[in-house]
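One chain follows as structure tokens, the form predicted alone.
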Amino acid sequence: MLLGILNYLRGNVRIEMRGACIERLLNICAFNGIDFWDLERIDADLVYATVRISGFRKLRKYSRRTMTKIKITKRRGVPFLVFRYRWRYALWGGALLSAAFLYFLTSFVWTIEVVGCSHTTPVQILSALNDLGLKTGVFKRSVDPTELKNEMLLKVDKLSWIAINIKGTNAEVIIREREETPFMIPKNDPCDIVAGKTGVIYKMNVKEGKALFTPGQTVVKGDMLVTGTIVSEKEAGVRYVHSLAEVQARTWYTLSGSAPETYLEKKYTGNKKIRKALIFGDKRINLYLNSGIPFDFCDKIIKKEKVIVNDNMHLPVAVVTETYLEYVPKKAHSRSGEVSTAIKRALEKQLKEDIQGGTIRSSVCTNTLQNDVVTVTLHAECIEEIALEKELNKEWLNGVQDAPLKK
């Protein structure tokens, strides 16, 4: 395709070659760098071919040597169009104005693409860029990517790295976010271990600190399981340690969900309505009169086609096609057990997220149907880690505790 466009810009002619030594003429042309394509042999002494304008000029002297008659049957390409319309000044003036307007449009940023969002959203990044001056329609030369990058790192705390590449009318923003590290008490700071959830202690392995509960006992969320305050009876003193423990507990969950057993099914009638609109920047021009919804029940499909010259050249012009498909709503019943199975899967997924790596020891599901609504209740017993570190009351650092501090 690219070669065809290049040949059209250079200009080419379709020629008729008639003679007894056409093969000799073609060999001479090939030896002298004259290219032919779309060769078509009609008879032993008649061949049609396409050649560039520059090649046709060289071809004449070789045709005399081989006594071959050459005649042009068709002219194609930009040079012939220019020659044909050379006196139409309004046409050339319009072409120059169009080229100037196109160059003017390419001096602005029309699309901004954000890549690398995980914890943040593209909307948040675009909003911050807009506050700093990078937005749709901004003049490219007014944007300094290096300065903008530094300002973004100061403005958005969640970013650890950012790159801004402006190519053509497209601005590509590549970001890397900071890894959110969980809060951890320094190893040298004393702390207690408390229960993160209510349950019955299943296993308990205390590595540092003093245990206040034993396996089999019930604990409530927030209860202190292991204390970091160690009282020494022999030395009549207090020692503060960073408690370390693994505490597994049996926990119970009850989750429920509901959904109707019937649903509305769409039966399409085949009637449709198509509307088109043009968008220039942030302005919309409707190419239709009645803007109301054409049907009582319909699906609306929107297709937006931007004017794209290449990957990095997007113009602020788009064609919007809105298609309305009419349908008649019809009440339908789900298959037996289909709704309850879907609800059960959703509840099991939610349970796995709640226990955060724990194990499900047993689970029971119950289904009820009332007023065409299916309700599924999931009862589950799990085993999970419930130990959470909690800082000690640091009053002991201020001299409130009279007992000597020992390590």
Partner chain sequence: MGRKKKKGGGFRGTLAAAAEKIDIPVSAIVKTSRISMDGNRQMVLEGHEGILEYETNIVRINCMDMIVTVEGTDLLVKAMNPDGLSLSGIIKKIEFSD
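Please read these numbers as outputs of a predicted model, since none were measured by experiment. Residue numbers count along the first chain shown, from 1.
Note that the form predicted together with its partner chain isn't included here; everything after this is about it.
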Partner proximity in the predicted complex: residue 26 to its partner chain, non-hydrogen atom cutoff 4.5 Å
yes
Does residue 36 reach its partner chain in the predicted complex, with heavy atoms at most 4.5 Å apart?
yes
Verify the contact flag for residue 361: yes if a non-hydrogen atom of it lies within 4.5 Å of a non-hydrogen atom of its partner chain in the predicted complex, no if not.
no
Since only the chain is shown here, I'm wondering whether residue 30 would be in contact with its partner chain in the predicted complex (any heavy atom pair within 4.5 Å).
yes
Using a 4.5 Å heavy atom cut-off, which stretch among 61-69, 39-47, 365-373, 351-359 contacts its partner chain in the predicted complex?
39-47
